[in-house]
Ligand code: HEM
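Before any questions on binding or motion, here is one chain by itself as structure tokens, the form predicted on its own.
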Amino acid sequence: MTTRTPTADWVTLKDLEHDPHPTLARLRAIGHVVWVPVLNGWVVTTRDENLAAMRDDAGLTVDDPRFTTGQITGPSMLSADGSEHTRHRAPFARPFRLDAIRERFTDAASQEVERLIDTFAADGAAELRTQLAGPLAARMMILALGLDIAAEDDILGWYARIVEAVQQMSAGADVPQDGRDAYAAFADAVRVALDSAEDGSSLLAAALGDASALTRDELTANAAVLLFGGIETTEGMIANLLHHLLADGLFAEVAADPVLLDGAIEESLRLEPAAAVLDRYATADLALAGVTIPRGDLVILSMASANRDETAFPDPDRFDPRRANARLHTTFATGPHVCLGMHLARLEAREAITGLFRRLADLRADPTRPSQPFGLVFRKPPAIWATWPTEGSDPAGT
């Protein structure tokens, strides 16, 4: 039996789901790389070691049969490394450039924010995760991939079942059949989109010209990965940003200042990444930060821990929209697997906040219904209740 040290056998899944940050701070005090038995893997705790690990696709790979998302979708850019990863990713790189995203999606995102706010603006209260953040992220990815808007409810149902399957697998379960079934239905919808993509109006269509090396099944798998990431993590990103701004009473101050808003977006990404961890597997016996990692071991890159590394971010548990180095967070990763959708996610977050401020400048957190980010792998508040004065209401509550 291999002895793995340093070991943190006191960590529980409940610790990591509810509020992982005190636990992660204890792990950083133990070492840069710590074996956590409840996860059956090594947790990389510091910013520098996480960044180095993200760049090392030779010693640490995603190409492993245990990789959760790959078990559902099959091979894709998310589950390949080296030249195979390049083959899967390269066709999508050009459509996801910053200038292309801004040109293609700024107006669409702004209009979708307006449409969503219209549905609740007169109510004086809303739950902003399910009424704004989630629908915005979903509609933008459906639009981006050229999927049938009329089938939005079906697509979101398949997506939710795939997310649940990944969550169950991350906690140690086998691949749920329901997740396989949901992916099969989604794949059929993508094939329809591919067959009608010649008009070039979607990112999927824009990628087709450079995708001659990919089969239709591989294109479908990559579209699934993009949908999955583009909804789950962007919804979480917007929800966490709203949580921080409202909980700290900073919404109006930040939303009124475009520079401060950009800083707040980066600071929220640092403080609570919507995807808290990345999984890698050691391709050989590996020395990392003075720790020997046996070949085949799971290595968990913790962005949640790296982003609160005290050596990089003083007073790391404080939300500070003016933090000078907030953009040094690891949330979008680095190296070969740097997040392809980061420009679209940032654009959606910015449009969501500016749209809310334009329409509901007096937005406040509802103190009777607080909520905190939650989740083992994907972290976001279950709900974000907010209120604002409406015509004829009494803002002072008298």
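Treat the numbers as computed from the prediction; the structure is a model and nothing was measured. Numbering starts at 1 and runs along the sequence shown.
Another form, the form predicted together with the named molecule, is not on view; read the next lines as being about it.
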4.5 Å heavy atom contact with the named molecule in the model of the complex for all of A25, V33 and A312
no
At 4.5 Å between heavy atoms, is I142 in contact with the named molecule in the model of the complex?
no
At the 4.5 Å heavy atom threshold, is M303 in contact with the named molecule in the model of the complex?
yes
Applying a 4.5 Å heavy atom distance criterion, does T234 contact the named molecule in the model of the complex?
yes
With the cut-off set at 4.5 Å between non-hydrogen atoms, does L356 touch the named molecule in the model of the complex?
no
Of A275, A126, L194, A207, which one comes within 4.5 Å of the named molecule in the model of the complex, counting heavy atoms only?
A275
Heavy atom within 4.5 Å of the named molecule in the model of the complex: which of V38, A361, L51, C339?
C339
Taking 4.5 angstroms as the heavy atom distance cut-off, pick the stretch from 285-293, 109-117, 81-89, 253-261 that is near the named molecule in the model of the complex.
81-89
Residues within stretch 342-357 having a non-hydrogen atom within 4.5 Å of the named molecule in the model of the complex:
L344, A345, E348
